[in-house]
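Subsequent text provides C-alpha cells for two forms of one protein chain, presented individually as structure 1 and structure 2.
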Structure 1
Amino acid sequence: MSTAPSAGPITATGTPSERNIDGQAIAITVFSTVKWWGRAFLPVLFNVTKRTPKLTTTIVQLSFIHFARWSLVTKIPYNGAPQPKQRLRYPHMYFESNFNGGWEEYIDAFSHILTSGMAAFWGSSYGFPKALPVGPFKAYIKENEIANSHYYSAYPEATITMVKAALDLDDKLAPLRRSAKGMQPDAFARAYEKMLTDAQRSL
C-alpha cells in the first residue's frame, strides 16, 4: 500500500528533487502505511532503541548521515480550515533523514550495513520487500518518498564530517583561547604547536 505518488522526489535519472537539496545536504522523507500490529510494536521498538544506545552505534558511525529518525503517525492535527483534525485509519511510519553524498549510496548503506535494523523498523509496513536485495528496497523507498515543501541547511557547503571536525577543533582551541592573554610569546608558541599536533585530524 503506497502513501505517496511514485513520481515524487526522485527524478527519472535517480537523483533527488532540487527541493530536497541544499548545498552538500540532501533530505529524504518517507511515509509508509503500517499494519495493525505495528501500532503496538513500533512504540516498543522505539523505546528499546532509545534506552539502548549501542543498538544505534552503527548508524552513528556512518559519517555521511546527519541524523535519521523514525516516528509513528496516528493522527493529523488541526491546521486551519483546509486541514481538520483527523485520526488515520492506519498508522503511518514517518522516516526523515539528512545526509551527504548520493541517494543510491545512502540506500545501499542502509541495506547492506543496517539490514536487520531496516527489517525491524519497516517490517510492519505494507509492501516492505526486505532490505536485501537492494533493488526492490530502493523501489519501495522511491514509491513512498515525498519531496519537501521547504528544506534549509544551516551550513549548506559543509558535510557532516566537516562540521564534526570544526566542533572538535573548537573544543581543542578553547583552552588555548582562554589562557592566551596571560602567556608569554614562547609559552604561547609551544602551546599553539601542541594544539596543532593534537588537532591534526580535525584540520
Structure 2
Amino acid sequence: MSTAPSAGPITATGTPSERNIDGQAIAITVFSTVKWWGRAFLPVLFNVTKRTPKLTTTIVQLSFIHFARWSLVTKIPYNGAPQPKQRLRYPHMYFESNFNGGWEEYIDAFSHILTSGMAAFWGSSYGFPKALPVGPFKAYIKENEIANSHYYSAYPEATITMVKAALDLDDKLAPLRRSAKGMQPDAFARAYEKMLTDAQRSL
C-alpha cells in the first residue's frame, strides 16, 4: 500500500490571497469553459433553480454565502478597435461567491452535502472532476480560481449568520423599542424578559 504524494495540497486553513479577503468576507471568482450541451442546459438549470426555492434550501441552511452568481458568457461585447472581434466557440461560465472566512475548513463538507448541486452547476464544465472525492475537486477549484485585484465589503466583520441574526433581532426588538417608554416598569420588565427569551437564538 503506497501513500499518495502531498504535492501542493490545499490545506483546510490555507490562506487565500490577501486581496480576495475583506475582514471575514472572502471572494472567489472562477471562469470555466462549458461543453456544447451546457449552452442549452445551464439556462434551463438557472431558471429551474430560480423558480424552485427548495433547491437552494441547503445553501440557506449552510449559511456561508452572502451573495453568489452564475453567469453564462456566450459573447464578448465589442468596444471598437483595438479590441479584436472574438466569436466564442464555447460558452464560458462566470461564478462568483461572497462567503465567510472559515469556508475553507468546510469545503469537504460542501462536497458531501452539495454533491448533486455541484454536479448540476459544474458538470458541463471541462475538467470538473465530480464533487467527490474531495481531493481532485479542491484541486479543480484552485486551478480555476482567479485572484482578485480588489475586494470590498460594506460590513467586513460580519458573517452571514450574524447578518441574519441581527435582522431577526431587529424584528423582535422593534416592538419593544416602540412601546417601552409608556409601559409600567413591571410590565416592561416582563416584556423585556420575554423579548430576550424569544430572541436568544440571535444573541
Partner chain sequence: MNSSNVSGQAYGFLAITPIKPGEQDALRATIEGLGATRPLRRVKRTHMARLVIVEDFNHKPHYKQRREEHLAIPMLCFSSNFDGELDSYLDDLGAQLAGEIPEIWGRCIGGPQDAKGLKAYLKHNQIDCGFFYAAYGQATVAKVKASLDQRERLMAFATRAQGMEPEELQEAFVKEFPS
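For clarity, a rigid core is taken as the largest C-alpha set superposing within 1.5 Å between two forms. This structure is a prediction, so every number in the text was calculated from the model and none was measured. By convention here, residues take numbers in order along the sequence of structure 1, the first being 1.
Each structure shows the same chain on its own, and structure 1 is the form predicted on its own.
Relative to the superposed rigid core, the position of the CA of residue 86 differs between structures 1 and 2 by 2 Å or more.
For residue 128, the Cα coordinates differ by under 2 angstroms between structures 1 and 2 after the core has been superposed.
After superposition on the rigid core, the Cα atom of residue 107 is displaced by 2 Å or more between structures 1 and 2. On rigid-core superposition between structures 1 and 2, the C-alpha of residue 186 is found to move 4.0 angstrom.
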